[in-house]
Ligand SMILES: NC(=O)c1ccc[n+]([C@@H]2O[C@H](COP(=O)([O-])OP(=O)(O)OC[C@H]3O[C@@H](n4cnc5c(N)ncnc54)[C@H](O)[C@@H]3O)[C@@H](O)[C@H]2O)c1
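Okay, here we've got a single chain as structure tokens, the form predicted alone, with questions on binding and movement later.
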Amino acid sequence: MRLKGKTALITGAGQGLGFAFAKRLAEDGADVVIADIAKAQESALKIKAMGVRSLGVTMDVSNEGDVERGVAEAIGLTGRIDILINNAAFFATMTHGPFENIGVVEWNRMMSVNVLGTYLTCREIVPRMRRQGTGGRIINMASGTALKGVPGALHYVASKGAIISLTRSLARELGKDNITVNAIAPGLTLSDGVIQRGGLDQERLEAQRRTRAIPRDEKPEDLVGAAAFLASDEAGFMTGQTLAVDGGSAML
């Protein structure tokens, strides 16, 4: 129960990878706020059944007013936020293909959710972490695609490259406040959203397996240990780092 007494807010946690993070942090004793555009309350009830406090907050991370309201609601759960996992992302329904086929509307949506959304949640929560006086943990979700330069999804790769840079820069700003900022870079993960939108294409999955030192599919359960570590006191002297958790596809 190494996170007992801590409160975590996880964006995009209504299902899939975000919900897997929520379950793991709850197992470690944390109270959990589920922030998502859908299924937030339903998923929070499942976390509450694990014996911790949990709250579902309907929130679009790309909307400034939504983030302000959502974080204010979250504070109502325990009066504090110690851990922030910026997991919400535009990915499953994005356009794949040559960069010149990406429309401006989709490009802007990608940047609004993946980059602006991360910025807005950090901007809203960091002042509260500072006032608490006990530090905090911020975990941003990057992607192995940004480490390898994968073609066919330029807007997504660019957004995740921005997250890596944001993580490093923010870590420099917040170290004096004992707030660590790190990122996790997964490979293609068989989350609920990916599966529901046709992510089980065997040719694509086999291509992914061939890039990995551990040649199998990646599942949400493969990532939760890294998140739990970065959220804990054990990672208290680690900041500005990007952990590639992808079976050895990208090796830094």
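Treat the numbers as computed from the prediction; the structure is a model and nothing was measured. All residue numbers refer to positions in the sequence shown, first residue = 1.
Although it is not shown, the form predicted together with the named molecule is what the next lines describe.
Stretch-level contact check against the named molecule in the predicted bound form with heavy atoms at 4.5 Å: of 68-76, 171-179, 123-131, 156-164, the positive one is 156-164. Checked against the named molecule in the predicted bound form, the residues Leu55, Leu188, Ala226, Val52 give one hit for a heavy atom within 4.5 Å, which is Leu188. Among heavy atoms of Met111, none comes within 4.5 Å of the named molecule in the predicted bound form.
In the predicted bound form, Ile81 stays away from the named molecule, with no heavy atom inside 4.5 Å.
Contact annotation for Asp36: at least one heavy atom lies within 4.5 Å of the named molecule in the predicted bound form. Mapping the unseen interface onto this chain, Thr242 falls outside it, with no heavy atom inside 4.5 Å of the named molecule in the predicted bound form. Looking at 73-90, the residues that come within 4.5 Å of the named molecule in the predicted bound form, counting any heavy atom, are Asn87, Ala88, Ala89.
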